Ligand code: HEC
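Take a look at this single chain in structure tokens; it is the form predicted on its own.
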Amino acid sequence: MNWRIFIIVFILTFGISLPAMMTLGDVHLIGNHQGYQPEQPLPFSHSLHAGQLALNCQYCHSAADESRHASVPSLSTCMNCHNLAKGNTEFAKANIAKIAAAYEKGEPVRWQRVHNLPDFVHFNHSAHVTKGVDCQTCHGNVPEMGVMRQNADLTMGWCVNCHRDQNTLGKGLAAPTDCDTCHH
């Protein structure tokens, strides 16, 4: 093999994918954002809501079984409980009061997206939820997370390997591995 061809193949293979999986400070490039945990406008404890209170993920993320997106809950969803549950610490009471005030004014809370895939990737939550894939498969042990963070790297290789693993388990899920499943 000609050394020039080797250099070209090496650059195309590693020169494009490695920078795409790295981060520069708070600027995340396309690819691996594993561990990403942005500061949110209000503290929200998944360990309290999904853990201690054992709320089902789909109570708040109601579109996950019928949409490509799991959806960020509306404030009316929060107020379903927080009309009555006002918190048991001054910290909780103050933050629930902020949610209630935003709800009364019709103002959204501007949550920061934690899981952000590139525009050329089309992930479909409903395809996974309706097949019985647990949320924790991709999102990690959310009931133990105080603050949500990206658990898995969610790179193409990670997703494809998960699909391959599912197919070899013989559960009949038939997880597709062709490119146009996610890139269309």
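Residue indices: 1-based, along the sequence shown. Because the structure is a prediction, the values reported are computed rather than measured.
Another form exists, predicted in complex with the ligand; not displayed. Remarks below refer to it.
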If you check in the predicted complex, is A100 within 4.5 Å of the ligand, heavy atoms only?
no
Is the gap between K105 and the ligand in the predicted complex 4.5 Å or less for some heavy atom pair?
no
Given that the partner is absent here, does H33 sit within 4.5 Å of the ligand in the predicted complex, heavy atoms only?
no
Would Q40 count as a contact of the ligand in the predicted complex, using a 4.5 angstroms cut-off between non-hydrogen atoms?
yes
Relative to the ligand in the predicted complex, which residues of 114-144 have a heavy atom no more than 4.5 Å away?
V114, H115, N116, L117, P118, F120, V121, H122, F123, H125, A127, H128, V129, K131, V133, D134, C135, Q136, T137, C138, H139, V142, P143
